[in-house]
Ligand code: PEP
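The form predicted on its own is given below as one chain in structure tokens.
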Amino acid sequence: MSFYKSGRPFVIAGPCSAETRDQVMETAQALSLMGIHLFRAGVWKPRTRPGSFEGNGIAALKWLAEAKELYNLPFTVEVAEQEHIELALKYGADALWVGARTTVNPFQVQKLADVLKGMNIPVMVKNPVNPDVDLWLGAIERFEKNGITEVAAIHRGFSGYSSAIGFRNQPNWPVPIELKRRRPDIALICDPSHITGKRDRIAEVAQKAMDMHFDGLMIETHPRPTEAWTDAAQQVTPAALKIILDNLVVRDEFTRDMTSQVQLEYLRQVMDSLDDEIIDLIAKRMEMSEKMGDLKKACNMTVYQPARWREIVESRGVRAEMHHLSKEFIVEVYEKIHHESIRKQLQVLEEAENKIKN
């Protein structure tokens, strides 16, 4: 059985930072009674600005090793340098994770993968700070190519200039879904703490992750969150974590109820037919785009016309709301359709110019 498939959800919990020995021991003792799979704590903290607390290093590793021995609690730490890996393994780390800021750098990821070549230790890779599936998957593959067989992906959300919709890091759910589509064999773990940045939303995001068939959760847990040295707002107490986990609804991917399964298959067939119609209609719309391209070429008109695009956004948004659909969703769909329409019309103009040149 896969290391990350030993229970659903596979739960990783612990403080953002290993601050003191007492804090580590208190948290580990509480979590050991809850059956979590991995104890997590930041040992080296990559902070945005100098002068912030950047971790206790070797001292913290000694505390984690002691907690592991006392409470039979496997632990994991974030690594970003060769030295981090060597020290983590020396003190008995049971798994390692690569942070979002490291994942964006293929050169650094490769260095870490090379250090671990041939070793039998689970590795977790957080998504890069930007929503790039290929970059995320590429980091995972670098470890796999060096013989690491137990590699998981951690979805911690994506950085943005604004958190207008109430998240510290935008979840951008289609990105981890696409990763899972490409690699269904990879365990997918959600980090609601970093996505939300707020402890009162962790349960909501954790449930959504379970409903989307994630394999596990990584939740920052501290005995006194308001006193935490780092990321105080997004940590929960062990008692609060227990409530979150106890109330979590974990659903199955399949059902044994044959009547429900038959109904589901019927609905899927109807949906497949509708999808065929949607694609056929988009194809017809693109044919219209090409004809418009011919006309604009003949009339010496620009391909992109801002007034027309504003009209489309407004009218399609109104129609979406008439059908109780999200205006933002429909506009996003039409942005992609419009982009492809513009591309086809530009292609018409380019082909005409090439004929003239030739």
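On a predicted model such as this, the values are computed, not experimentally measured, just so you know. Residues carry their position along the shown sequence, with the first being 1.
One more form of this protein, predicted together with phosphoenolpyruvate, exists but is not displayed; see below.
A heavy atom within 4.5 Å of phosphoenolpyruvate in the predicted bound form is found for exactly one of F75, F143, W97, W136: W97.
Between the options R316, K45, K296, K68, the residue in contact with phosphoenolpyruvate in the predicted bound form by a heavy atom within 4.5 angstroms is K45. In short, of 285-293, 325-333, 304-312, 45-53 it is 45-53 that has heavy atoms within 4.5 Å of phosphoenolpyruvate in the predicted bound form. Proximity of C16 to phosphoenolpyruvate in the predicted bound form: non-hydrogen atoms within 4.5 Å are present.
For the chain shown alone, K90 is not a contact residue for phosphoenolpyruvate in the predicted bound form, no non-hydrogen atom being within 4.5 angstroms. Phosphoenolpyruvate is not shown here, and in the predicted bound form it never comes within 4.5 Å of any heavy atom of R199. Taking non-hydrogen atoms only, R101 approaches phosphoenolpyruvate to within 4.5 angstroms in the predicted bound form. Taking a 4.5 Å heavy atom cutoff to phosphoenolpyruvate in the predicted bound form, the contacting residues in 126-156 are K126, R156.
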